[in-house]
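We begin with a single chain expressed as structure tokens, specifically the form predicted alone.
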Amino acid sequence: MTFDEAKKCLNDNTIKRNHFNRAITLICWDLETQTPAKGVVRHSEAIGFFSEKLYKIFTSKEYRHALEVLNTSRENLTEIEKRIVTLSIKNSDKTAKIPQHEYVEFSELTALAQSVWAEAREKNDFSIFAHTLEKIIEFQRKFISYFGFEGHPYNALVCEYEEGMSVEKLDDFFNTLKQEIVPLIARISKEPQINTEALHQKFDVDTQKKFSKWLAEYLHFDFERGLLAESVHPFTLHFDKNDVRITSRYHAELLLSSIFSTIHESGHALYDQNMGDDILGTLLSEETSYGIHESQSRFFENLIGKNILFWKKVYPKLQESFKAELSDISLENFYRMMNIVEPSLIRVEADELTYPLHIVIRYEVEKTIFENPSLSIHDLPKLWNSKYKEYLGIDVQSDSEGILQDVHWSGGSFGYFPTYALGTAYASHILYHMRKTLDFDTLLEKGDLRPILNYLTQNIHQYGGLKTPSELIFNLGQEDFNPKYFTDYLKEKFSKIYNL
């Protein structure tokens, strides 16, 4: 095969891959937003069909030979083409290690699992989901054996979501967070807490939906290239930069839940909508890592959305939407209510300070699953509940508020949870360097978010998968990732709020 023939083979198969991925993504969107219960099985079979097509693309002799030809002629490739070839080889090698029938079966299983999880969560009954989860974990163990690993078996999974990551690095990272955060939480627990009952009144759900749409627009989510819907668990789906879809969830007595779900998913969507045109339609028009993707959602959710300066422009709009409920609540009190530090059961509604401990719990549960093959699936709720008692000092009263609260395991996303904490810490690292060139506080107070978005686009979004996570972080200020920026931010912010 000549060099030009190899390039054509790669380009042709990339087009096919994009078409099949679009079909799978569209089915997944439908499954999570509106598919009737009796339509789930046929949808999952369709995902299996298209997954088999993808498998054959990634593992065909012609495709793998084309990649080999291109890799041996790297001097003739552009920077973008070199990265595409590198990632394509990595993905092809990984896929080829999985037997085709298992690849398809796993795709169908995880497509079905979401509806099983949703039923179990609604009925507060882990036993409904247990058998499905057990099969997913069995597949994960097989994949670990196929991929191989150094050190801990969980390494084979975490590096799928964060290039270069390992249990050893994560242990150091989480130990640093625990050493700084746990004592701060203990100090705050002795301080008087603001009463938050006013935020647990009944807030009309339709009005919440209208405000969420306005809020996403305020953050510069482009509705000509995206849409906002509703789902049990908020998520973002990315077809390409011109079709990015987000969801939020709405509870009449949990106003902040919809607000911060919308802000969080908008952060994800802005990353997707602002990738460079030069990588559109290529393998690089996806996130470089889930940690970097989460850094964008957590940047908007926490560093912008939980900053009082942001609300100077936004709070009057919220008060206008809920005149009877919020007219007597000052901006200062609203800010203190949204930033109350209070151990709680639900991760997505956790305060900014205790949130990392929710991730520590999931990380340690997942590590235990893969280092202890004899662990029974029926012991997982007990393990989960014991971790909540250990780290947050609270008792889990139900499966729905415990082990069933997150959708990720139904999709087979073991190894994903650490990226939430990594992304949260990345966000503070990004802000530290952003402040060197932008007056971040003044921009928030004025409601001028465009320069902030431009900075993120210039330094993060435009590259998609072109640069590695470590390269993106290093290039911000010529230094490697430093979690101290995150712990310093937390100590400064909450010391002020609680007058420590």
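What you see is a predicted model; the values in this text were computed from it and never measured. Numbers for residues come from their place in the sequence shown, where the first is 1.
The same protein also has a form predicted in complex with a further copy of the same chain, omitted here; what follows describes it.
- The chain is drawn here without a further copy of the same chain; in the model of the complex, the stretch among 226-234, 330-338, 141-149, 296-304 whose residues come within 4.5 Å of it by any heavy atom is 226-234.
- This chain lacks the partner; the member of Asp30, Glu445, Glu62, Asp439 within 4.5 angstroms of a further copy of the same chain in the model of the complex by a non-hydrogen atom is Asp30.
- Screening Lys387, Arg245, Arg249, Lys367 for any heavy atom within 4.5 Å of a further copy of the same chain in the model of the complex leaves a single hit, Arg245.
- Among heavy atoms of Asp240, some come within 4.5 Å of a further copy of the same chain in the model of the complex.
- Although the partner is absent here, Ile194 sits far enough away that none of its heavy atoms falls within 4.5 Å of a further copy of the same chain in the model of the complex.
- Taking non-hydrogen atoms only, Leu280 approaches a further copy of the same chain to within 4.5 angstroms in the model of the complex.
- Although the partner is absent from this view, Tyr55 stays clear of a further copy of the same chain in the model of the complex, with no non-hydrogen atom inside 4.5 angstroms.
- Scanning 38-54 for heavy atoms within 4.5 Å of a further copy of the same chain in the model of the complex gives Lys38, Gly39, Arg42, His43, Glu45, Ala46, Phe49, Phe50, Lys53 in sequence order.
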